[in-house]
Structure formats: C-alpha cells, structure tokens
Ligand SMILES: N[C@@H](CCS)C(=O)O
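As a starting point, one isolated chain is supplied in structure tokens, in the form predicted on its own.
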Amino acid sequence: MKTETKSLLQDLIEISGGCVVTDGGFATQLEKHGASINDPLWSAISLIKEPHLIKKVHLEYLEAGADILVTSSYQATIPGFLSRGLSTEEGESLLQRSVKLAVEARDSFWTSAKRNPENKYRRALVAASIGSYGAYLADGSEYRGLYGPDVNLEKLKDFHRHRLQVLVEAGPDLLAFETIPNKLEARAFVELVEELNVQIPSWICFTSVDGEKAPSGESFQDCLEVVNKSSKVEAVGINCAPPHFIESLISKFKQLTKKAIIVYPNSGEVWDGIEKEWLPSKCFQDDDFGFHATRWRDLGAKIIGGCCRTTPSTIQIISNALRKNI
C-alpha cells in the first residue's frame, strides 16, 4: 500500500498541534525602521534600497513566534521593476533576493535557537509572496475586484508566469498567492501551478470588503470551486480583511472546502484617503488578537497571522495565545 508523504506545510501544522502562526504586516514594520515606501513598488522598494531592513523585519517576526515568513515580493513584479528603469535580469535578481533574505533570516535564527534547549521555536518555513494583478496596478484594484474587460484569463497567466517561475527557482518552501479579488485570478494561479508542475505547496488567500463575498461580488462558493480542484493548493482563506469579518468567514469556508484554512486579517484600522493617515480601529485592538486567534483556531483555522498594520507585537500575542495550551 502506498504511503502518502506529508508536505512541509502539513507536517508543520501537525507538529505544531494543529495550528501555526504566520507573520504580520511587513510594510508597517519597515516604516517603523525608517524605510520610505511611498512608491508604486510599496515594500518591494526596500529590495532595491534597504535590503538589510527586510532581513531585520523577518528576524523580528521570528522572535515574535512566527512559524512562516512571507517574503517581501508581494508588489515585486518584472513589469514594475522595468518601469523603474531596471533590466529584466535585475528584476529577476531582486525577486530572488526576496527569497534569499527570508531564508537567510530563518536559517540564522534557527541556528541560534537550537543552541538553547529551552527554546519554544520551530524551524520556520518561507513562503514566497505573489500579490494579485491589482497589487501591481497600485490603485486599489484588488479591493474593487474587477480589472476590466481587457483582462482575461490568459493575460493574468502571462502576467504572473515569469515571476512565479523565478520565485519557485529561488527555493522557497511555499507559495503565498495573496489578496485575490476574484475567481478569474484564482483560476489563473491554479492553472499556472499545474502547467509549471510546481512541486512546493501553496495557499490562495482572497480578501473581502463586506465580510460576505469577494470584492468582485462573486460568492466564495464560486471562488473556492476552482481552488478545490487543485491538489497543489493546500490552504485557502482570507487576508487583509478587517478582523471582525474573520469568524464568520472561517465558518463559511469550513463548509466550502476540505483544505486547510488560513486567515491573516489587517489590524482593523481604516485608511483616510483625504487626510492620508490611518484611523484607529473602533472595534478591534491589538490585545484582542489573542482571544480571537484562539476562537479562529477552534472554528477550524490552521494558519493564523496578521496583515496590514499588524506588527511583531500582534504576532507575539497570537503566538502566545495559541501555544498556551500546547
């Protein structure tokens, strides 16, 4: 009888007692260290200007208890780098750098952690971030959901293919397709990992602006229909949605998929486009993440973390809460 081999992600979830912690907001922490990311490349600009800060942030999330590091490549694309006057080869090198920095941070941290037999850490996995087409446009399209009549399945696959190939060849443990606004782009990723015969596991995270459906207006039942057909996509869930949406969305996803469920919401803060500043959340504070993370785990989430405006402090609260009874 053939024995099924567990993937790195499945194995990590199992040895972690059924739930693992991914990291939190990357751009938020870069800004705290003085990085200027007001740029169409967003946090990926630091791959060019300040790669040492990227490694520093990765280490801070590891110290906070993250089991998974997500690379700084969310808004890093070959077309985006070309628009800055870089060559294709330079763009490829920067994508590779995003994985290399995370792997170096993970390996150095793990080497240090192993010296202490009392350490509470596990060897983290590195997930290469692949943001949606809307992230490249840098106009908020990933939260509106529809890219227009000129963007079809083949255009999305052509846009993502090269970046996906470069990131896979750079050697991450996982792929993280993030902030996906519609069924079409999810299908593009599902077909690409099959066509390229990608051998590492991946997750696909949608977002939501109303807590009920994808930004495109499509139901999550329709969106997950295409994802459920892929054996290469091992987890599916929600990122960069307000935290008060998460409980009901986990319950919804639990009914729609047998895949591991992943959630990493934003802080609940709201961006004021007129004043150009973040407004505090009226219903969710950082300390609330501990209680709610255990609720999300008990409802069925297997991977929990944070997105925009969360910090290593948020992740430490989540990690401490989830490991309390393990």
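All values reported here derive from a predicted model rather than from experimental measurement. Residue numbers here begin at 1 and follow the sequence given.
What comes next is about the form predicted together with this ligand, which is not displayed.
**OP:** Although this ligand is absent from this view, report whether residue 307 comes within 4.5 Å of it in the predicted complex, heavy atoms only.
**Re:** Contact check for residue 307: yes, within 4.5 Å of this ligand in the predicted complex.
Original post:
Wondering, does residue 284 line up within 4.5 Å of this ligand in the predicted complex on heavy atoms?
Top reply: Close contact is absent here: in the predicted complex, residue 284 is far from this ligand, nothing within 4.5 Å, heavy atoms only.
Subject >> Heavy atom of residue 301 within 4.5 Å of this ligand in the predicted complex >> reply: So residue 301 does not count as contacting this ligand.
Original post:
Heavy atoms within 4.5 Å of this ligand in the predicted complex: does residue 27 have any?
Top reply: Contact with this ligand, yes.
Subject >> 239, 202, 182, 98 - the one with a heavy atom within 4.5 Å of this ligand in the predicted complex >> reply: Exactly one residue meets the criterion: 239.
**OP:** Report the residue, out of 245, 109, 74, 220, that has at least one non-hydrogen atom within 4.5 angstroms of this ligand in the predicted complex.
**Re:** Checking each option against this ligand in the predicted complex, the one that comes within 4.5 Å is 74.
**OP:** Just one of 174-182, 189-197, 118-126, 211-219 has residues with a heavy atom within 4.5 Å of this ligand in the predicted complex, so point it out.
**Re:** In short, 174-182.
**OP:** Give, in sequence order, every residue of 42-58 that has a heavy atom within 4.5 Å of this ligand in the predicted complex, or say none if there are no such residues.
**Re:** Only a single residue, 42, comes within 4.5 Å of the partner.
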